[in-house]
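Below you'll find only one chain, the form predicted on its own, shown as structure tokens.
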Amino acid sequence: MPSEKIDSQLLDESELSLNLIEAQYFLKNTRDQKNAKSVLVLVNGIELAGKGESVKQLREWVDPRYLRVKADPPIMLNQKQTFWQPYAPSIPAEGEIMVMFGNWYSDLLVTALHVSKPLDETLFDAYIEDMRAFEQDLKNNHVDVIKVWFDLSWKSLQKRLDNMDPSEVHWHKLHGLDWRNKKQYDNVQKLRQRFTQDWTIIDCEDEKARDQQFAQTILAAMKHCPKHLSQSTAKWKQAAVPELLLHPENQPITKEDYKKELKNLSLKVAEALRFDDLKAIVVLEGMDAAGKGGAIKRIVKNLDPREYDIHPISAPETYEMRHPYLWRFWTKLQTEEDITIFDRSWYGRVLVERVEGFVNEAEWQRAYDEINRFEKDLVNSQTVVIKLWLAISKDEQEARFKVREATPHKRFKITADDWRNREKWDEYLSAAADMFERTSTVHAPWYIIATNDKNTARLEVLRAILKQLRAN
């Protein structure tokens, strides 16, 4: 939708406030329903146009308890962090409204206007494309992204600067721009026109009209809560199951060779992970009892516990389910650790959630592209994504389940659900096949380790990690 300047009719303020509060509670009550959504408002614009005043007025018209506001000074975009990482924890859950003053677009503008390292147009436009793709993923996961640009002419800006309270000068300088500089003003306008085609543009010459237009934009977003799409419009083409999954290797390695090779490989993996300039994310997926836990022990054998994080992933909590699907993984990547290991991962959406019917067809079918974009963003921010699938035969799984039941310190690893899931063995293989075909990419390929011998599998895991680290 092309941007346009809003020319809405002014409403009686008490009537507008009533409409806003009713819509606010309507949105709040969609939580956990088939039309649930949240509203994320990205606020940007010319300094002194009245962004803060409009948000302040909005808070007076609504129930302020249910309007969250996040205001941060812009930060320079950098190659070691995705543009969305600073903001991911604040993405609103179902029923919530969040207004972000500082957001990825203010970061983009400040980076582009940086004197010593300005962005060229190609990179600037690439960022915009990635940002829009991220926002579309948010919308697909029921976060309505509303983008508002507060515009002000150069003449009006200078007049407001002349009349500005001296106590406010420091705050406005935080944004790092000289609003007395006509060339810089023109550059801001030129740059923002490259991304505001799908924004709401508010002319801020009239302060009362400005506040009402902003409020009415939010009102329209809160009232629009259509039911979620549940069926995909595209015909699904099932991928063929790889032969490796159907017939895992059975040849065991000797204990002597295993010990020798394990010592050598585990030292190499620790050194490679520790001294690589890139961050590393290791994802382990596979059939139950395939050896993920044992593999992780060997991966970290020669690492200091302070060097890595391990995230065992199980069913999402209720509060996590009210956020976009990938949110609980975004928020696990906020630490400074250079090595992160996932025992199961975001692939649950296209594996267990698909097979067990926890999500609808539209949700799991669109997840492949969402996951690919997520991983590509990580790779572009100097992170190596290493994905490992551990496969065993159905008979080997049964034997391992029985051993677990008979071993006191392993009984906790086996549940009734584990036995029940065996009835859907072929469905899990088909889901895995689709996953390999659609998410094994050049930047983040899948390594399939299919063997019934635990020791062989552990060595192959270490070799795969070394191979992917060397590929980057």
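Heads up: residue numbers just count along the shown sequence, starting at 1. Keep in mind that what you see is a predicted model, and the values were worked out from it rather than measured.
Just so you know, the form predicted together with a further copy of the same chain exists too; it's not on screen, but the next bit is about it.
- In the predicted bound form, no heavy atom of K237 sits within 4.5 Å of a further copy of the same chain.
- Although the partner is absent from this view, K301 contacts a further copy of the same chain in the predicted bound form, with a non-hydrogen atom inside 4.5 angstroms.
- Although the partner is absent here, R65 is a contact residue: one of its heavy atoms lies within 4.5 angstroms of a further copy of the same chain in the predicted bound form.
- a further copy of the same chain in the predicted bound form comes within 4.5 Å of a heavy atom belonging to F412.
- For the candidate set P226, G357, P312, P89, a heavy atom within 4.5 Å of a further copy of the same chain in the predicted bound form is found for exactly one residue, namely P312.
- Though a further copy of the same chain is absent from this view, in the predicted bound form it lies within 4.5 Å of a heavy atom of just one residue from E129, E307, E271, E256, which is E307.
- Stretch-level contact check against a further copy of the same chain in the predicted bound form with heavy atoms at 4.5 Å: of 69-77, 140-148, 193-201, 389-397, the positive one is 69-77.
- Along 25-54, residues Y25, R31, G52 each place a heavy atom within 4.5 Å of a further copy of the same chain in the predicted bound form.
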